[in-house]
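Quick setup: one chain, the form predicted on its own, written in structure tokens, and binding and motion questions come after.
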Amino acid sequence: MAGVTPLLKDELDIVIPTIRNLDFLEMWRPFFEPYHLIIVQDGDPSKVIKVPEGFDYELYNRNDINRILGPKASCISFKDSACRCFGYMVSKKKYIYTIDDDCFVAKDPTGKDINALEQHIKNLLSPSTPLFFNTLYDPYREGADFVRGYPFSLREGVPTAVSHGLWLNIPDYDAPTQLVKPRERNTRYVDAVMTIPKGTIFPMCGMNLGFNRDLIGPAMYFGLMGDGQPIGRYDDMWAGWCTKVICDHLNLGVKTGLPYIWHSKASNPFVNLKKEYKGIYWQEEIIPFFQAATLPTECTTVQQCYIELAKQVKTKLSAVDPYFTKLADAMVMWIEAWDELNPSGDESAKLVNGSAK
């Protein structure tokens, strides 16, 4: 089945946030080299980021973000990997894969290198089943199907908007769990992909994530985190909660499971605790908010859904902390900026160009 041209070669961008040279790409070269990369440089824009030879990429730093978005650049986080969502905004491709620069190629139980990107593409190109759980997990995978008792009326599934991958080695734990289990490593390879049921919120990790930008892109805002903000390390969580509510409303699917990457480096749990501690308290109120959130039937686009969600955030979460008023305003600004750079027609915003290579 493997053709000369890699799957979705001209329809997918790989978005990487970074503060360092991208030597990690050497390991990914067999899988990533055919694709276009969008690198979002965080931190000091005067620092030169080195990218290995042979990769097709464009790189944006904070100066580029300020130039392209003007006053709306304030909705893009600084000194936090949440800045990656700028890459989603400037991409013109149908699909996005995003990965962190401390994630390497994992091996499956047979010792074979896992092409994470290929598995994400397979997940995104096959339907999801959020309305009825299939006990053999993804019925569209080779060697699986719908089990007895699964309604035939639901077997077509719904379009898949998000493919959420997992990690071997360093698990994606919060700071308290890191402190209690400093040596714990994930060695369990579970050969499964499943659809997260409708009405179920989940913790989305942004380090190994694929999504259909056309279906859900405007909802993939990673919030206000990092420099000048009271919270960090909840950027992908926020995007995941918002995205799942909107996917449920628009009848789109979210898959989780394969593929695995090898997460090589544990971040400092004490630094993480400083970033997370407010979020650890706040999430006890944030998550019930998202679990109860409903969107009106007149919201038929992702943008309309997201603006409505921003209104509800301002109304219901601002009592938790004034930060949520600021975040709700940033959510609206994000949509405005998205629409400016992504007009409805085929016209692409030509002013969008970082330093291309």
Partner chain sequence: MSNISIKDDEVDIVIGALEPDLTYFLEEWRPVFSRFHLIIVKDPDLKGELKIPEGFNLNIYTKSDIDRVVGSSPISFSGYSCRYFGYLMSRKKYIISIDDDCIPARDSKGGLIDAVAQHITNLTTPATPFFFNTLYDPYCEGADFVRGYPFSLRTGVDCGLSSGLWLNLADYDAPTQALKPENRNSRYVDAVLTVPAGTMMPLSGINIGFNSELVGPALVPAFRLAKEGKFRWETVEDIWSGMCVKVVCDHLKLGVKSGKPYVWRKERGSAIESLKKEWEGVKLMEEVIPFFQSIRFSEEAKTAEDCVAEIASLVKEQLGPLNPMFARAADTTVEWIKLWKRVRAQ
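Residue numbers count along the first chain shown, from 1. Predicted, not measured: the structure shown is a model, and the values here were computed from it.
Just so you know, the form predicted in complex with the partner chain exists too; it's not on screen, but the next bit is about it.
Contact with the partner chain in the predicted bound form, judged by any heavy atom within 4.5 Å, is made by just one of Leu179, Leu125, Val271, Ile287: Ile287. Contact with the partner chain in the predicted bound form, defined as a heavy atom within 4.5 Å, holds for exactly one of Ala161, Met89, Cys83, Leu166, namely Leu166. For the three marked residues, Leu136, Tyr189 and Cys205, a heavy atom of each sits within 4.5 Å of the partner chain in the predicted bound form. Considering the partner chain in the predicted bound form, the lone stretch of 68-76, 91-99, 210-218, 253-261 in range is 253-261 [heavy atom distance within 4.5 Å]. The closest non-hydrogen atom of Lys265 lies beyond 4.5 Å of the partner chain in the predicted bound form. In the predicted bound form, no heavy atom of His120 sits within 4.5 Å of the partner chain. Using a 4.5 angstroms threshold between heavy atoms, Gln291 counts as touching the partner chain in the predicted bound form. Interface membership of Pro197, defined by any non-hydrogen atom within 4.5 Å of the partner chain in the predicted bound form, is confirmed.
Taking the partner chain as it sits in the predicted bound form, the stretch 126-151 comes within 4.5 angstroms of it through a non-hydrogen atom at Leu131, Phe132, Phe133, Thr135, Leu136, Tyr137, Arg141, Glu142, Gly143, Ala144, Asp145, Phe146, Val147, Arg148, Gly149, Tyr150, Pro151.
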